[in-house]
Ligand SMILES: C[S@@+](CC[C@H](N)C(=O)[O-])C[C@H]1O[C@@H](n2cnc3c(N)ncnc32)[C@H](O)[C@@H]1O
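Only one chain comes next, encoded as structure tokens, the form predicted on its own.
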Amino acid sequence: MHNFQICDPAFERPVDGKHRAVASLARFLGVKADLIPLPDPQIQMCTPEQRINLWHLVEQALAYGVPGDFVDLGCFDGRTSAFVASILARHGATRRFHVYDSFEHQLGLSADPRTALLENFASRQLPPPVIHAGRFETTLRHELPPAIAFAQLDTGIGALPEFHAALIQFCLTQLWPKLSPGAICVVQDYHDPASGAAAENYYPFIKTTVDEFLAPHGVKAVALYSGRYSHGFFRKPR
């Protein structure tokens, strides 16, 4: 499988004249580095490093034959969801792909998130996912598939830490019994300061919340190098 989709233009911030001028000056001064525009913090929260990690983890779930569907909790406009779906499509996988979001927050989008999601899937000639619209507190209780091979959890909604932590714990509580043995769960914004990564630690409480949930199950999450933004993953024991 090729990995060109990791640098899909849908994810990258356009290079403007100011950036080109700075890059030209850097080259003139002999700076041996490429200057890349920082992601838009409202709508471009998935770095190339994160997509590389997702690519490997999704492929693992398929390669090891973990049974179940794929789910994305907090899909927003579906760019990252479409990236995951494209990996499934290239493998000819027949797994169902479920996406969950309230679709209430438009942020910097010109269209509403649900419309943008469908457009992002259509632009890649991908079938639309199974869309579960609504608050997680409502949809996850009754609308998760019975078996899950891969899940991504992204609940960065800018809420108070106490509410955000409680939401993550709720999501994990609903996901855990549905995760198949060997299933992989990616948690966005999971940051481990001890890893030495220079990523932004926007939500310090996420690591504590995830670690406390996993401890009784004898499972540890792992922080992944992901560029500007943090994430990590855990695997349910077989």
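Counting begins at 1, following the sequence as shown. Just so it is clear, the model here is predicted, and its values are computed rather than measured.
Separately, the form predicted in complex with this ligand exists; it is not shown, and the next lines address it.
- Exactly one listed residue, out of Arg96, Arg135, Arg90, Arg141, brings a non-hydrogen atom to within 4.5 Å of this ligand in the predicted bound form: Arg135.
- Checked against this ligand in the predicted bound form, the residues Ala111, Ala122, Leu160, Leu107 give one hit for a heavy atom within 4.5 Å, which is Leu107.
- Although the partner is absent here, Thr115 lies well away from this ligand in the predicted bound form, with no heavy atom inside 4.5 Å.
- Contact check for Phe76: a non-hydrogen atom falls within 4.5 Å of this ligand in the predicted bound form.
- Proximity of Leu167 to this ligand in the predicted bound form: non-hydrogen atoms within 4.5 Å are present.
- Though the partner is left out of this view, Ser102 does reach within 4.5 Å of this ligand in the predicted bound form, counting heavy atoms only.
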